[in-house]
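One chain follows as structure tokens, the form predicted alone.
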């Protein structure tokens, strides 16, 4: 099926009929994969957005989101219909109905909301999401990223160590180590983000916490430049915080990028720091088994909690992980 066909009335009618006709959980999973899976026309449509002209990108994305929402409604209706017909073991039919009982419905944590929104934006730009281990070796966490044992940059990331008789295992201080692991096993071009928990041995305050979710990005290919980096980050930040948001780069230093920059966004009239970025250092490409004479790339990283802090107007990062449900239920 051509990607253009997904906007036709016949496509929607067929999708609705297919979801209405599912008879089992496997059928439902298969139908969902057909219309909403990674190889579906809708997802391929999102992947094609970066190739469109700026004039057509916004309208095309809007139509895709609308179509995706309708398909999700069909999926949820089919799932609920299956659930109603299921004889659940241990179900007490003598309990009073829902109208006689009060239920408190949960919702996503603010950080989870930001992560989910971030995944959607990057998938729309053709990025893959890569998972990785929280315990990392010293080589991948530091040395392969141009930070040998005596490098002063290590002091910027006070480190925990695994007490197992070996000194080369650490709870990762960033998800950047996956850059090297991914480059070792994949040939360019590629675009990935690596989200996950990271750990740093530092005192907590309103702007620092010892463990947080980092979102690392890596793009490698031929002819990748700083303009590609800025265009990508502008698109992502505006998608998360609003189309009126602007960004700027400030010169900085990271051992694994050259040149390196700090990324700021102008939100509600104030410049706020988001994270670091830059062009991948040639030695880091070599450490990952990639020829820096042929390929270039960029990397970036920021904390999901920092985005939540900005988006929801928080003044203390620690509030996100305190068990104060009255506070968290506001978001």
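Positions refer to the first chain, counted from 1. Because the structure is predicted, anything quoted here is derived from the model rather than measured.
This protein has a second form, the form predicted together with 3,4-dihydroxyphenylalanine, left out of what is shown; the following refers to that one.
Annotated contacts: 174, 276 and 299 all touch 3,4-dihydroxyphenylalanine in the model of the complex [non-hydrogen atom within 4.5 angstroms]. Residue 256 is the only one of 256, 213, 122, 140 with a heavy atom lying within 4.5 Å of 3,4-dihydroxyphenylalanine in the model of the complex. Out of the listed residues 200, 181, 191, 230, 200 is the one that sits within 4.5 Å of 3,4-dihydroxyphenylalanine in the model of the complex by at least one heavy atom. Judged by heavy atoms within 4.5 Å of 3,4-dihydroxyphenylalanine in the model of the complex, the contact stretch among the candidates 276-284, 62-70, 24-32, 48-56 is 276-284.
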